[in-house]
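Presented as structure tokens, the chain that follows is alone, the form predicted alone.
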Amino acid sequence: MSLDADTELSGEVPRLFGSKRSQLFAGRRGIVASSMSIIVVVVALALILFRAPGAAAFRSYFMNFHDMWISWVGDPKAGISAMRDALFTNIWMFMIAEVLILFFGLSLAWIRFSQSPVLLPFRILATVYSDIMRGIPIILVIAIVGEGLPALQLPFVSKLPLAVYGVVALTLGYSAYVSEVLRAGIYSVPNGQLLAARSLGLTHRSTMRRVILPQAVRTVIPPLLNDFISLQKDTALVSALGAIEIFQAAQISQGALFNGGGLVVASIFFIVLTVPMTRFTDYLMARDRTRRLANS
């Protein structure tokens, strides 16, 4: 090895070690900064909860653990519905509505993507339906469905439980949003995929089922999960019809106990239900980004 090479190598080694030392220092500095930030936030929250002028009244109203427990287990003698039972109403409403929304949302997206002249009236209806449902707040959809269907006095439809009307309203409202998400995923598939499938002799239906939709669904899974996170929370809006779900049960306990602990319990369990879905969505988004970067 020449003298110049030795000199160049001797100069490169300190730079490499210096870079590692800089990275280590930056990492430690980041940990210290993050720790200090957490401490500041915790101290600020503690000061608000314990030093604010109304802190004692706030803690008594929202953080009374005895009343929170009564709200959770219920008290039939006091007319307090058990929130633990009402929670299952939210869960089954969400699960049934999710399946129905996926079916109707996919149907709407399929119709709007189709090019058959026979389906032209249905494409117009699907477009009008999507525009209308996305323009009406979901709470109004719930009120219209929950009060309108019983008013029709139909033999079967007008005598369903209030929670069922809530599922119907959520399905009608969210199907419009989900259809737009799926339609965006369909249009994100390169047009060459469609042309290649048609050149192989596949029908439009086979092309959609075997080529377009599998790629589109993989693309729109994160935004779909975000919609379903919102759906899980919006099951609480069914309380506007008087259905005994967890938010309605919390309001009943609030009126009976003159305490807002039930509202805190309801909030905690909505967090327990939605945070895992949120983290899973973030994981899918990060994995998809890594895959795209690796392929670029």
Partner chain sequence: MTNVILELDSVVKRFGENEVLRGISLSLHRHEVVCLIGASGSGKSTLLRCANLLETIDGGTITLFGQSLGDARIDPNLVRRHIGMVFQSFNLFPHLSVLDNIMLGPIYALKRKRADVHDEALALLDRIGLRERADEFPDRLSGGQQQRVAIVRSLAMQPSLLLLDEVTSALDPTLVGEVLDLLTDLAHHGTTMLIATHEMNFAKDVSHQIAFLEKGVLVEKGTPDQMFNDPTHEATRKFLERSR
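Numbering follows the first chain given and starts at 1. Since the model is a prediction, treat every value here as computed from it, not as a measurement.
The same protein has a further form, the form predicted together with the partner chain, not shown here; the description that follows concerns it.
K.L.:
Using 4.5 Å between non-hydrogen atoms, is G192 touching the partner chain in the model of the complex?
P.N.:
Yes - in the model of the complex, heavy atoms of G192 and the partner chain come within 4.5 Å of each other.
K.L.:
May I ask you to state whether L100 is within 4.5 Å of the partner chain in the model of the complex, using heavy atom distances?
P.N.:
Outside the cut-off, so no.
K.L.:
Any chance K159 has a heavy atom within 4.5 Å of the partner chain in the model of the complex?
P.N.:
Looking in the model of the complex, residue contacts with the partner chain do not include K159, since no heavy atom lies within 4.5 Å.
K.L.:
In the model of the complex, does S188 have a heavy atom within 4.5 Å of the partner chain?
P.N.:
S188: no, not in contact with the partner chain in the model of the complex.
K.L.:
If contact means any heavy atom within 4.5 Å, which of 194-202, 166-174, 105-113, 121-129 contacts the partner chain in the model of the complex?
P.N.:
Among the candidates, contact is made by 194-202.
K.L.:
Using a 4.5 Å heavy atom cut-off, which residue among I221, L87, V211, I138 comes into contact with the partner chain in the model of the complex?
P.N.:
Partner contact (heavy atom, 4.5 Å) among the options: V211.
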